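A single chain, nothing else alongside it, follows as C-alpha cells in the form predicted on its own.
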Amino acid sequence: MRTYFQYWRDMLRCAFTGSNVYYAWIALLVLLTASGLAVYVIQLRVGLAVTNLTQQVSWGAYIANFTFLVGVAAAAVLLVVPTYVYHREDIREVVLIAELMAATAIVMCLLFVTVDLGRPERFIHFLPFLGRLNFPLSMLAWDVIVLTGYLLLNLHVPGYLLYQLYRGRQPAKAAYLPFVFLSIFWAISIHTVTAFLYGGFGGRPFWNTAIMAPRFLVSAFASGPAILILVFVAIDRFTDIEIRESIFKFLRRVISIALPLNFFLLGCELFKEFYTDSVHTASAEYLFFGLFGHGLLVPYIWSALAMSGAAIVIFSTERLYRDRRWLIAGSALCVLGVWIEKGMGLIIPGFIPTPTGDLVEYTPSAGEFLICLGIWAFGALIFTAMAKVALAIQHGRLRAQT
C-alpha cells in the first residue's frame, strides 16, 4: 500500500514539473478549461438557452465533437494490433501513448454528452439499479456500455503496465494481454455502435445509410493517426525522447490508404443521394449546394473536402511528407477536414429540413464554442500529464525508491 501511494505521489510530481515552456503550456490549458467551466456554470443556471440549439436542430457542436472523438479513441487499435499481434518493437515504444490518447478521447466524449444533456443529473437514468438502461433494445444503451467498457480497458492496460515498470517488475501477460485483445474488438464496436445510433433514426433519411459504420471507421483511421503524428512530433521536438522514423512511416501509410478510401465511400453516398433525385436528397443538397437560399454549411463542407484532398496529396508525395513541416501541415489538414465532414457536416444536415419541412439553420454560439474549447483543453491537459508520466516510466526516469 505504501508503494501505491508513493506511485501516485511520484506521478503527480512528474506530471506537473518541467521547463518554462511546459509550465506555459499547462497554464494555457488550465486557463481555457476554466473559461469553458465558467460558461458551463452559466449554462447549468440558464439552461441550453445559452446555445443556438433549437427544437428543430437539437444536436450541434457538442455531439459533433463527440462523434469525432469516438473515432479518435477507436484509432488507437492501429498501434495496438502491430504491437501485440505482430510484435513490432518500434511501435511498442509508443503504444501506451496511443492507449492513453484513446482513454482521454473517451473522457472527452462523456463530457460532451454531459454538457449536451443540459441537466447532467439525468445521467442517473443510465445507471444500473438507479435508472432504466433499456438494454438491449436501446442503441443509446449499447453506446453507453461500449464507451464505458472501452474507457476501462484503456485505463487498465497502460495503468497496469506502467505500475509494474515503476516497481521494476516484469508484467504478467495474463493480467493484461487478454484485455488487449478484447480492446481490439471493442475499438471497432464503439464507432460501429455510434454509427448504428445515428442510422437507427428512421425520421432522419440523411443518416439512413448502410455504409455509415464503414465511413466512420475509415475516417477514424485517417484522423486518429494524423493526431498521433502531431503528438509524436511534439514529443520529438520538445523532449529529449526520439520517436523513430519507422513510426511516422507506418502512420503515414495508414493515412494514405484510409483518407482516399474515405473519399470513395463519400462518393458512393453522394451517388446514392443525387442520382436518385428523391425528396430525401434535401439534406445533402442543403449541405453541398444550399437549399432555398439557405447554405450556411456549404463553404464549410467544401473547405473540408479541399483540406482532405490537400492532405492526400501531401501523404502521397514523398518529397512533401519527408519534410517535417509538410508532414505537420498534412496531419493538421487531415484532422480539420475529417472533423468538419464527420462532425458538423454529418450531424447538422441530418436535422435540415425537419420531417415536417421546417428549415432552421444552426451555428454554434460563443458559449458553445468556449465550452467545447474548454473540454478540448481539459482533454489536452490530462493527456499531457499522463503522457509525460508514461514516458518517464518507460525510459527509466521514474522508478520506485527502494
Partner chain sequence: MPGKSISDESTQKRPQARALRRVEAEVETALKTPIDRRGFLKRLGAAGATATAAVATGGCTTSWDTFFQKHYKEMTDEDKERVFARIEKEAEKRFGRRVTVSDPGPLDGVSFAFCISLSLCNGNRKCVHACVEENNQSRNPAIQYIKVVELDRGTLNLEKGTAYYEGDSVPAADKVYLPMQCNQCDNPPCVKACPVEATWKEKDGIVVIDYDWCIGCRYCMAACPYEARRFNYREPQVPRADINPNQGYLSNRVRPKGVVEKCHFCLHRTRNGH
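It should be emphasised that the depicted structure is a prediction, and the values quoted were computed from it without experimental measurement. Positions refer to the first chain, counted from 1.
Heads up, the form predicted in complex with the partner chain isn't pictured, but that's what we're talking about next.
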Worksheet item: Among 335 to 343, 372 to 380, 64 to 72, 35 to 43, which stretch has residues whose heavy atoms lie within 4.5 Å of the partner chain in the predicted bound form?
Response: 35 to 43
Discussion item. Whether G168, S308 and G367 jointly form a contact site for the partner chain in the predicted bound form is the question; each needs a heavy atom within 4.5 Å.
Written reply: no
Response to the item:
As a check of understanding, the residue in H87, R322, H125, K173 with any heavy atom within 4.5 Å of the partner chain in the predicted bound form should be identified as H125
Worksheet item: Here the chain is shown alone; which of A329, I257, A141, L110 has a heavy atom within 4.5 Å of the partner chain in the predicted bound form?
Response: A141
Practice prompt. Please run the contact check for L137 against the partner chain in the predicted bound form: heavy atoms, 4.5 angstroms, yes or no?
Written response: yes
Fill in: Non-hydrogen atom contact G118 with the partner chain in the predicted bound form at 4.5 angstroms
yes
Item to complete: Considering only heavy atoms, tell me if W207 and the partner chain come within 4.5 Å of each other in the predicted bound form.
Response: yes
Worksheet item: At the 4.5 Å heavy atom threshold, is R397 in contact with the partner chain in the predicted bound form?
Response: yes
Fill in: Stretch 156 to 195 - residues with a heavy atom within 4.5 Å of the partner chain in the predicted bound form
none
